[in-house]
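First, one chain by itself in structure tokens, the form predicted alone.
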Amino acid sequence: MHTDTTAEGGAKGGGDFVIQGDICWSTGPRALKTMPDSFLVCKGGKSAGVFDRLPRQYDALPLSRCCGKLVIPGLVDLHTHAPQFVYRGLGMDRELLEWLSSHAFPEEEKYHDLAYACKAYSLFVEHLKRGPNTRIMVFATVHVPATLALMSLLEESGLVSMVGKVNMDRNCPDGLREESAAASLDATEKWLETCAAHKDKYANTRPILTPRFIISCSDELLRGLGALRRELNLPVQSHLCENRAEIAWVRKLCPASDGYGAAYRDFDLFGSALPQEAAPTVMAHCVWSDEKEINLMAERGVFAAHCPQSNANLSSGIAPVRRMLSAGVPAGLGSDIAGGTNSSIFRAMSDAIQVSKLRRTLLNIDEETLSLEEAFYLGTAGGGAFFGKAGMGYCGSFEPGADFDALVINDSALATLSNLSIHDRLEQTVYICDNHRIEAKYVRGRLIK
């Protein structure tokens, strides 16, 4: 006998329950599975599968009847900057390096003040709780106390995240420049020691090494971070080939390296020759990555975080996502707040499709554009694979064994006079969905909205 609950009621603490609704998820980069009026089972915070008829062994579990509503995996943001949230939408008439100097760096300097940081990060986290993203990769700042405060706020939110204390010891304002490579490494090691000492406190939040980009990190600092990566087998996040002026600068700083990605590799911060045995690396943007660099990413298992809105806002360009996918580069989507102004990975999905069509048209190339299925995969299972490789649980899917991250969306207000398929309702949701249409949000089986 089922115990009926509302989507807002049962399973607040995770555990075992069932959701009934119109369910869809990716089973591959181009494969979307849709099951109307079916049953999604959560057991111990993980998916036990989707069934058109509920198996008897689950008959006694609490049941949330969400009939007529979409049930999809939670969305995954592979790249965002938490301290930039409070000035979203400002400076969008500038390009990357100028924008960093005029907006990003002055704001990030303020995070030496812990009280300010806590107020700003609270706004960021509360905003994320209301949206569709259930997992995020986050850049903080160089400030250790503020970074730990962000980690605590994210932990309390119930979201799953990887957070990076940023490293910068050159080519940045005095207020953000760490005293030396040794000082930056020492602060990073103490931060990591604090995280390890309180690992029970951070069940959903983990550290990730975060050199901002090669321009802001000396050779000594990059070598030290590479040594830390090897010693502790930590994941890495940074930026790659976002802007042509940035790439030219990197070429001058690393003349012995055969490209931007190769420079990271030379410091042991670009995946691994045996990617199945090492913590992963994710590089944001990859707008101007050439064939050699794309192949290097595929060989070393380096993830690409495609950030289409930011790349358009800052006039960086359009990333060759089709070429990366064809080469076997693992990939996901990023909001890149505040280069991007919308934190929702639904927006990143729609933008990714749009710019792929523009790329083909503007470059007059015979290149297949991204489909809805591919964009949805990138924003769910594609990005979720990074969390799986980093030891934080594979997500973005309802395949048995995946972490139970799920959204219940009431799309009835988007209805047309046509009787739309689940596929078409998903497409409308990707392009139109507002946060208030999200009726329930589960992370690892725990209801957080």
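A residue's number is simply how far along the shown sequence it sits, counting from 1. Source: prediction; values computed, not measured.
Beyond what is shown, the protein has a form predicted in complex with another copy of the chain; the following relates to that form.
None of the heavy atoms of residue 210 is located within 4.5 Å of another copy of the chain in the model of the complex.
Among heavy atoms of residue 288, some come within 4.5 Å of another copy of the chain in the model of the complex. Remark: residue 277 does not count among the residues lining another copy of the chain in the model of the complex, judged by a heavy atom distance of 4.5 Å or less. Looking at residue 420, you'd find a heavy atom of it within 4.5 angstroms of another copy of the chain in the model of the complex.
The candidate spot formed by 86, 341 and 362 lies fully in contact with another copy of the chain in the model of the complex, as each residue has a heavy atom within 4.5 Å of it. Considering another copy of the chain in the model of the complex, the lone stretch of 217-225, 309-317, 324-332, 185-193 in range is 309-317 [heavy atom distance within 4.5 Å].
Of the candidates 357, 292, 230, 201, 357 is the one whose heavy atoms come within 4.5 Å of another copy of the chain in the model of the complex; the others do not. 427 is the sole member of 439, 427, 22, 16 with a non-hydrogen atom lying within 4.5 angstroms of another copy of the chain in the model of the complex. Applying a 4.5 Å heavy atom cutoff to another copy of the chain in the model of the complex picks out 86, 87, 88, 89, 90, 91, 92, 93, 95 from 71-101, in order along the sequence.
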